[in-house]
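We begin with a single chain expressed as structure tokens, specifically the form predicted on its own.
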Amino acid sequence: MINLTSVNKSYRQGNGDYQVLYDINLKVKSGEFVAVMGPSGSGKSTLIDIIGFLDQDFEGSYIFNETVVSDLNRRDHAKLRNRSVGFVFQNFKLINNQNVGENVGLPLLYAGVKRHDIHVRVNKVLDQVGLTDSYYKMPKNLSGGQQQRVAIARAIVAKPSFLVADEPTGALDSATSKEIIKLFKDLNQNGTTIILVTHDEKVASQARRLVKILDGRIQSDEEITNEDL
């Protein structure tokens, strides 16, 4: 599904260039649960921006489901992002003056889905993330873990090809973190492709594959057998 070959990324800095990624080669198959781990400044966020179609300015090849991403114009690149990837962030990014259902239904609203169909699909996905009967609740009345579940529901409601979860447990306590990671594992077992970005080795160990990045280079890429958080 995702195939990066010899990807390099640099930024203009003063009179010279600052290179962030060096010769990245990475493949992710449909149905995988991959953790990308590295310290701050390692390049993992830049890599995820490229994978998640947030950054098209790089050297090398990115082929997504037979589409050559670098060949797309800005409009088609944005369309590919909107229909292919769901994002989950550390700080939830919910709209506080809209209820849970409205937050979750936003991707469907932007896609032109009828309001009745949005309501049905939103309730179904809220059931899936353990928030049955939460449609009309306001985000401010939910715990951090519940708000992250809302964010996950929003990310999957339009049935994207894959999820990018960027430090999704960073703002949560350890017990709630376990619940959220279990939810990701359950979603993955039901076929959702997940790319989880973290600096926490305990969180990364719950994926089925671990890619470690340091100083803009992939240091290792291996399967994980540990099932214990």
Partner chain sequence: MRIYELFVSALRSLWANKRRSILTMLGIIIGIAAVITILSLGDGVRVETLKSLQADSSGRQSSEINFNTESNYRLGSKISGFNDNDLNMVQNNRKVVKAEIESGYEGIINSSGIINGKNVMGNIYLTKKPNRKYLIAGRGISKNDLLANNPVALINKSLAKKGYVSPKNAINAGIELNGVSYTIVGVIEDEATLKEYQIYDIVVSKKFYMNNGADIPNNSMKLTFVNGTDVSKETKAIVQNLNKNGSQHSNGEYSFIDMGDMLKGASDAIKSITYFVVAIASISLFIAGIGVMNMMYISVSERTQEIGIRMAVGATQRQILWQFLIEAIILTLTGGMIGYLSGIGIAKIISAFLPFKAIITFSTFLLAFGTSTIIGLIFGILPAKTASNKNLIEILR
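Everything numeric here is computed off the predicted structure, so don't read it as measured data. Under this definition, the rigid core comprises the largest set of C-alpha atoms superposing within 1.5 Å between the forms. Positions refer to the first chain, counted from 1.
Only in words, not in the display: the form predicted together with the partner chain, which the text now covers.
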property: Touches the partner chain in the model of the complex: R149 (any heavy atom, 4.5 Å); result: no
property: is_contact(F89, the partner chain) in the model of the complex, heavy atom dist at most 4.5 Å; result: yes
property: Heavy atom of P107 within 4.5 Å of the partner chain in the model of the complex; result: yes
property: Interface membership of N123, the partner chain in the model of the complex, 4.5 Å heavy atom rule; result: no
property: Within 4.5 Å of the partner chain in the model of the complex, all of R75, Q98 and G112 (non-hydrogen atom); result: yes
property: Option from 170-178, 27-35, 53-61, 186-194 whose residues, in the model of the complex, bring a heavy atom within 4.5 Å of the partner chain; result: 53-61
property: Rigid core fit then Q13 CA moved by 2 Å or more between the shown form and the other one; result: yes
